[in-house]
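The data below hold one chain only, encoded as C-alpha cells and taken in the form predicted alone.
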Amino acid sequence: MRANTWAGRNKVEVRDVPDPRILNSRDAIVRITSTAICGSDLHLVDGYVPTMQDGDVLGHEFMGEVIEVGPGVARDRLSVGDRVVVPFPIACGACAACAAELYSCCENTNPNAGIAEKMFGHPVAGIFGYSHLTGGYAGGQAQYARVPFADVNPLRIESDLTDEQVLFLSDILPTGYMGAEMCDIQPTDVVAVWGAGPVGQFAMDSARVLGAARVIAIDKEPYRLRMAEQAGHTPVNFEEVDVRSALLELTGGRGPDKCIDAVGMEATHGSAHIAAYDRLKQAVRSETDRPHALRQAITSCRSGGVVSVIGVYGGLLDKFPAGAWMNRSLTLRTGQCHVQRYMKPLLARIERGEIDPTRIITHTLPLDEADRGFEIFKNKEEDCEKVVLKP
C-alpha cells in the first residue's frame, strides 16, 4: 500500500509499505477514505519529538471502512462494512484510566511504556503515527491501517454526513472542545485563545457553544484571524499589538476570565529578541519547548481564572511563571485529549448544526501529494489552515 512516512528531520516521503494485517484478536483493518495533516505532526517532522525512525507511517486523524475484524471483536460493536472514525489515542477500555474516561492515559496500549515513563514519569497511551515514545503504531496517512482494540475505539457513522463533516472527530474537534470544557465557562466569561490554527478555531467555536460571552483569537497570520473573525470571534494580532495590553483593554483592565493555549511547544513571539532567545535555547536543547503562549496566557488571565492547555508540550521549558500562577490563584488544566469521551456528543452537535467542522478545510490533496501538503501547511502558504488527504 501507499503511505506517508517520516524520512528524517524536515522530510516526509510517500512510499510503498507492507499492508497491515490482523495481529491480535481485537484488531480491525480499516480502508482509509480520508485522513489529515495535524499541527502536532509538524513537531515530529521538525525533530522535536524523539524516537522517530525512518519509514514510520505518519498520521493520527483518519476514518474509513472496516474491511476485516479479528475474532475477538463482537459483531454488535464493529462489523465489516462499517464506516468509522478512529480516535488518535488507543485505549483498552478496561484499565483504571479508561474506567475514569482518561483514555489518553490508558495503562495498557503503549508497548514502549518504559520509554514514556522515563520521559514523563508515568506511561501514556499508544497513539497512531506518533513516534515510538507512544508505541510506534503505524499511522493513518495511508491506504489502510490496523486499529487495535477495535471494539473500544472506532466510532461508527450511521448517518449520511460527509467525511469532511466527521473526520475531525478523530482529534482536533474533541481537543478544541476539551480545551473549552476545562475552562468551566460561565455566561459572562471572556475567553482568550492563543493560536488560530485548526485546534484553536475549534476551541473558539466550542467556547461559543458552551456559552462564552466573548471569544478572542490571538495569532499573527491575517488569514487565520480573518477565519476566526468570520466565525464571530475577536481577532488580536500579536505582531501588531502587545497581547497583554490588548487583552486588558478588551476586558476593562481585568484580563480574560479563561485562557486557552492551543499553540504548544513551537510558539512564536511578537518581540524579535524574545522569540530569538527561546529559538536558540531550543536549538541547543537547553529546553525542548518554546512556551511563549503559555507564559502569556498565565500572565494575562484574570486572577482566579483558568488556563487550559491543549497545545502539545513534549519535555522541558524555561521561565515558567510559577509565581503568577500560584500567587494569583490560577487554575491550570491540561491533557492530551480523551477523544473517546467526546466523539458521540460532538457528533450530535454536528448533526444539529451547532458546529461546522468543514469551515477550517482549505486544501484537499491526494495522498501521493502529502509532501506538498506538509510544506504548505508548515510554511503557511496559500492561506493553508487544514489539509485533508485522500488515499
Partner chain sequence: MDLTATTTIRKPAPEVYAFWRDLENLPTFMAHLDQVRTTGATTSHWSASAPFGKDLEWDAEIVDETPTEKIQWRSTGEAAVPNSGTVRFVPAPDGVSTEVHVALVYDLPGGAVGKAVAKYFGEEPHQLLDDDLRRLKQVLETGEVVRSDGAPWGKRAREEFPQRPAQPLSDAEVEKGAEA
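Residue numbers count along the first chain shown, from 1. All values reported here derive from a predicted model rather than from experimental measurement.
Quick note: we don't show the form predicted in complex with its partner chain, though the next part is all about it.
- Across the options 327 to 335, 53 to 61, 347 to 355, 361 to 369, residues that bring heavy atoms within 4.5 Å of its partner chain in the predicted complex belong to 53 to 61.
- Proximity of Gly211 to its partner chain in the predicted complex falls outside the 4.5 Å heavy atom cutoff.
- At a distance threshold of 4.5 angstroms between non-hydrogen atoms, Thr109 is in contact with its partner chain in the predicted complex.
- Using a 4.5 Å cutoff between non-hydrogen atoms, Arg146 counts as a contact of its partner chain in the predicted complex.
- Mapping the unseen interface onto this chain, Ala283 falls outside it, with no heavy atom inside 4.5 Å of its partner chain in the predicted complex.
- Out of the listed residues Gly114, Gly253, Gly304, Gly81, Gly114 is the one that sits within 4.5 Å of its partner chain in the predicted complex by at least one heavy atom.
- Using a 4.5 Å heavy atom cutoff, Ser25, Ala96 and His132 all lie near its partner chain in the predicted complex.
- Although its partner chain is not shown here, in the predicted complex the stretch 13 to 36 places heavy atoms of Val17, Pro18, Asp19, Pro20, Arg21, Leu23, Asn24, Ser25, Arg26 within 4.5 Å of it, in sequence order.
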